[in-house]
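Encoded as structure tokens, the following chain is the form predicted alone, with no partner shown.
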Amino acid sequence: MKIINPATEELILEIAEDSPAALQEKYRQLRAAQPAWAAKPLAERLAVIERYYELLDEEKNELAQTLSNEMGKPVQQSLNEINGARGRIRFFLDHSAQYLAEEWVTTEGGTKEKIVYEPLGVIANISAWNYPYLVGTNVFIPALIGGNAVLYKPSEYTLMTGLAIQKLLYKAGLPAHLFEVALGAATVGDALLDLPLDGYFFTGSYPTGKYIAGKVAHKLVPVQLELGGKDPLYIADDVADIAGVAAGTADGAFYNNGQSCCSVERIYVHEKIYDEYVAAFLAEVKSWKIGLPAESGVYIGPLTRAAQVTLLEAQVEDALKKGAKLLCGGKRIDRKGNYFEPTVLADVTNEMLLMREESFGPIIGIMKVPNDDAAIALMQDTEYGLTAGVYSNDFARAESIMKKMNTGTVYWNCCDRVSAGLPWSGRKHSGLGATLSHQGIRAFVQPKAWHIRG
């Protein structure tokens, strides 16, 4: 496999894909190592993760450079991601003991009863390229804390980061063969589905998630799917600081080049403030520096995948044919690398691909609406259900709208954020199950009921 720098199109490294025999051997080693790890006191498992937490900070500059080289995000954003991952690890370190402890339900009478939480066993973590530290941390950290072994498949676009994570975990003291990396693209991911694993945790697209769920359904093991979104945002007419809201929501749409599951993907603005909002939004977008990830001050780097440039071009073409107005951008940048101009379209409708299908790039459609009811109807018009946000000075007004959103997350006066203390979940085509929060700790263990008489 060739790892290509998306900013320069230069070859970084070649790595051999795992053969079926190699995957079988990694699985065998994981299965053999897992019982001893599960038998260790929780405090010992936490100590390993605590050291990994420290090493992430000690080696963050080198790790960030590697991530930027292979994935394309600006180095500062790679550093932000690593720091964000450490925040999530801190949550797991501080709260796992509480939620993994045995629970006594009945302590009096002839029969006593308790619940004990035991690891699933050997789980697959099929991870994503857009935030490999963050989305990986959601899975493999609580999985290891819970006593599991992990067969980790990084995206083929962030293989070096996947190997760096493995190296750091072993450096932190994780015993051998508890975290094996499956190296390869789709065929290797498919091969994992045939292994007798005890759970599958996937982050990626709806079509792939649907395929995984169908392929492993007969095993009756836990399957969690963190999938995409077409996340809507409504800007009500009572916001006080329109320019500030425009700048913040532009960042919510374009941070990481729009390559985030919870990026703002469509914006509905009350007609009373529409013109002022759009003007301020455009001013913010046009102020950003585009360039190589290592350049100081760069906000927009290359897209990770070359194919995404073609998809964005198709969305722009479709929108313009259906009456949208191009306010800025709209095409690939004439330079080496997978660069696409930050793109803003107005006069959009929900019939356009731009407003229906996940873009995962630096592009946004902004639509004028006459009232809250119109915004609600348009926000609800989607197959996805990841996040939805409302900006308004009136919480009661925003709360009424948020209650109507069939999404795993809602935002008031903020967007594009994830908190370790809250469950991260999707509805409809945005996924199954939840990571993070206490639910994300218990996702990697199974309850056992004890009836004790004597």
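Just so you know, these numbers come straight off a predicted model, no measurement behind them. Numbers for residues come from their place in the sequence shown, where the first is 1.
From this point on, the text means the form predicted in complex with a small molecule, which you will not see here.
So the small molecule isn't shown here. In the model of the complex, which residue out of Tyr133, Phe360, Phe201, Tyr268 has a non-hydrogen atom within 4.5 Å of it?
Exactly one residue meets the criterion: Phe360.
Only one of Gly189, Gly337, Pro119, Gly330 has a non-hydrogen atom within 4.5 angstroms of the small molecule in the model of the complex; which is it?
Selected residue: Gly189.
Can you tell me if Tyr391 lies within 4.5 angstroms of the small molecule in the model of the complex, counting non-hydrogen atoms only?
Tyr391 lies outside the contact set for the small molecule.
Distance check, Leu354 to the small molecule in the model of the complex, heavy atom within 4.5 Å:
Contact with the small molecule, no.
Would Pro154 show up as a contact with the small molecule in the model of the complex if we use heavy atoms at 4.5 Å?
Pro154 belongs to the contact set for the small molecule.
May I ask you to check whether Leu386 falls inside a 4.5 Å heavy atom distance of the small molecule in the model of the complex?
Although the small molecule is absent here, Leu386 would touch it in the model of the complex, with heavy atoms inside 4.5 Å.
Can you pick the stretch from 274-282, 163-171, 366-374, 189-197 whose heavy atoms fall within 4.5 Å of the small molecule in the model of the complex?
Selected stretch: 189-197.
I have Tyr299, Leu312 and Glu341 flagged as a candidate spot, so tell me whether each of them has a non-hydrogen atom within 4.5 Å of the small molecule in the model of the complex.
No: none of Tyr299, Leu312 and Glu341 comes within 4.5 Å of the small molecule in the model of the complex.
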